[in-house]
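The chain that follows stands alone, in the form predicted on its own, written as structure tokens.
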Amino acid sequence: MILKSQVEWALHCCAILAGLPEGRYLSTKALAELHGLPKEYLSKALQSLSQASLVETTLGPSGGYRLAKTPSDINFLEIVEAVEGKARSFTCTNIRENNPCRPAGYCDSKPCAVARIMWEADEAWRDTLRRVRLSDLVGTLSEEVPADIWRSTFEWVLKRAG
């Protein structure tokens, strides 16, 4: 399974937005500059987050994006599905029906084993993402990112936040 690069971008942007003070917004331009991404492509990922009601937007000189919920109320699966959609990662086309050794009119009693295993794996992946909150990511980052980089990043963000 290969996810769009926009999933990574959306997760990183949400982590940054999680640190914004109440009532402040960060522009697409600032988020793109911070992550070294093309603004036009990043805006598509941010629009997906907005359509999923994960971020709020406002227009104007101090406009931009902010989280629509607290970081503890947003899980990774919501962010991934906002960008990728909610469809299963595996689609069974039932090619077993093409087996020339099957009797005419044979009807299977259940989905094929390949599909069942793939759907189970897909659900396990989604369950893992559902359990991880954005607040968990922020906590991990605050422990793993050196303190001086953590501090200077948020100073940089706050200077650009509207």
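All residue numbers refer to positions in the sequence shown, first residue = 1. Heads up, when I say rigid core I mean the largest set of C-alphas that superpose within 1.5 Å between the two forms. All figures in this text were calculated on a predicted structure; none of them were measured in a lab.
One more form of this protein should be noted, the form predicted in complex with a further copy of the same chain, which is absent from this view; the next part is about it.
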For A161, is any heavy atom within 4.5 Å of a further copy of the same chain in the predicted bound form, or not?
-> no
Indicate whether E33 is a 4.5 Å heavy atom neighbour of a further copy of the same chain in the predicted bound form.
-> yes
Contact test in the predicted bound form: E56 vs a further copy of the same chain, heavy atoms, 4.5 Å = no
Hey, in the predicted bound form, does A68 get a heavy atom within 4.5 angstroms of a further copy of the same chain?
-> no
Within 1 to 36, the residues having any heavy atom within 4.5 Å of a further copy of the same chain in the predicted bound form are M1, I2, L3, V7, E8, W9, L11, H12, E33, L34, H35, G36
Rigid-core frame, C-alpha of G63, shift of 2 angstroms or more between this form and the one not shown | no
Quick one: core overlaid, is D108 moving 2 Å or more at the Cα between this form and the one not shown?
-> yes
